[in-house]
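Quick heads-up: it's one chain on its own, the form predicted alone, in structure tokens.
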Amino acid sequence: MKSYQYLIDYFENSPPIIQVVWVVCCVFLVSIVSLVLYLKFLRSKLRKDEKIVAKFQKEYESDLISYLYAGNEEEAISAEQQIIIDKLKICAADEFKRRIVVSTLLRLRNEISGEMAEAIQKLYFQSGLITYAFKKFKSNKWYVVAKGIRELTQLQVKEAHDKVMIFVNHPKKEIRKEVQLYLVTLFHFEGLKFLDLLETPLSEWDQIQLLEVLQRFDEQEIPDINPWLKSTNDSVVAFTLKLAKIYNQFEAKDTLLELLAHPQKKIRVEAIQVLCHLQVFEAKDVLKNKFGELSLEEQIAFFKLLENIFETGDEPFLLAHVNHENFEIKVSALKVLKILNFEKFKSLKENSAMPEYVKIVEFIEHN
């Protein structure tokens, strides 16, 4: 007791700053001890939860495998399968167990194919799990809605098409992305018809993801892209230009030519690049006639086009730009002139008094 009293007297007689330091130290000590205890509790709980999850996963995986091998040709659903379905219906009512069942279904769905994969999807309907996915669509939390759509994508539930389409112009880009991936993953090129309704921007990253999904499929038949090239949504036009280039949509050349007068410079430049890739000769004359009105980016893109589609009659135009102030245009003009009229090309070097220009000509001459 005396020692405690001594400490109390010492504290009371200490200067205020010392008292503050002691109080702060005590607060920190209590906080550290509390955090250590909480972390130990949390760690223990996580380990306990992991064991419970592992136990249920093993149980449900066994049930699902039993379901797959319990079928017979005589009955649509065998008695053994019905027992498993009834059990999963009860489990689905509990959110914790439902998550484990769905994750187990997804894992099995990714590991098998053919009739067994179809059986897994059928079980998803029979156990009522699909109704819980649809319930997520009514949530006020965007990430819950997105998770529901992703679940349907992973389990390839095509029957949800109309319900998913409701979210095609949702304010949250994360939900829109899941909708787009659902449509393209399950319906391939037909799924791109959402572009007819899309009013919101389609980001560059979204476009890349959609193209990556599409390129997994062997079929090359895509719907008529002309309506999308005429869309009032510039991001839809930009994405469609990528489709036109990747899948060589020469049939859309007339609409592509119309895009050379598009209000957005970025679209005009991309249209020139696609026309160059498709080697549409008509584009050359259109652009050559209004070359002075083009932006620098368009002029550069046009000369890249000219490198692929040129004629003897283009020589005067090329000679007019072999001294262009832009390096890329100058080099492109010299490259094409070298092919069309090598003697004229060589004379440029002989008649030039600029060492730098001579070096450029010599480099192109030997490459």
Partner chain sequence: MNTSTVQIIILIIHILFFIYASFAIASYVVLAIISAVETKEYMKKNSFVNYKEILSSTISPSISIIAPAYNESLNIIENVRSLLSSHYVNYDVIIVNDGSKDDSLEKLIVAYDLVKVDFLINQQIPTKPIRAGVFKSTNPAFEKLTVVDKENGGKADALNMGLNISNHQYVACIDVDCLLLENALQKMIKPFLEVTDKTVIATGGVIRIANSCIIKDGKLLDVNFPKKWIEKAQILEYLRAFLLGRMAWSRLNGLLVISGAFGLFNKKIAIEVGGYDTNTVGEDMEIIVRMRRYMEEKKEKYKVAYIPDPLCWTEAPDNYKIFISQRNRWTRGTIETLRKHRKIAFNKNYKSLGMLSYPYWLFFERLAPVIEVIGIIYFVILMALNEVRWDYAFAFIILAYLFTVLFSIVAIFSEELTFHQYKKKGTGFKLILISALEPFVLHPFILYAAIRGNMDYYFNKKKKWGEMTRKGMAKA
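Everything numeric here is computed off the predicted structure, so don't read it as measured data. Definition used throughout: the rigid core is the maximal C-alpha set that superposes within 1.5 Å between two forms. Positions refer to the first chain, counted from 1.
Just so you know, the form predicted together with the partner chain exists too; it's not on screen, but the next bit is about it.
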query	finding
Residue (of Lys158, Lys135, Lys87, Lys147) lying close to the partner chain in the model of the complex, criterion heavy atoms within 4.5 Å	Lys147
Answer range among 158-166, 126-134, 186-194, 199-207 for contact with the partner chain, defined in the model of the complex as heavy atoms within 4.5 Å	199-207
Thr312: touches the partner chain in the model of the complex, heavy atom cutoff 4.5 angstroms	no
Contact label in the model of the complex: Glu221 to the partner chain, heavy atom within 4.5 Å	no
Partner contact for Tyr247 in the model of the complex: the partner chain, 4.5 angstroms, heavy atom	no
Leu340: touches the partner chain in the model of the complex, heavy atom cutoff 4.5 angstroms	no
Members of 167-200 lying within 4.5 angstroms of the partner chain, judged by heavy atom, in the model of the complex	Lys172, Lys173, Glu174, Glu178
Post core alignment: Phe327 C-alpha displaced by 2 Å or more between the shown form and the other one	no
Per-residue C-alpha change between the shown form and the other one, Lys245, threshold 2 Å, rigid core fit	no
Core fit, then Gln19 C-alpha moves 2 Å or more between the shown form and the other one	yes
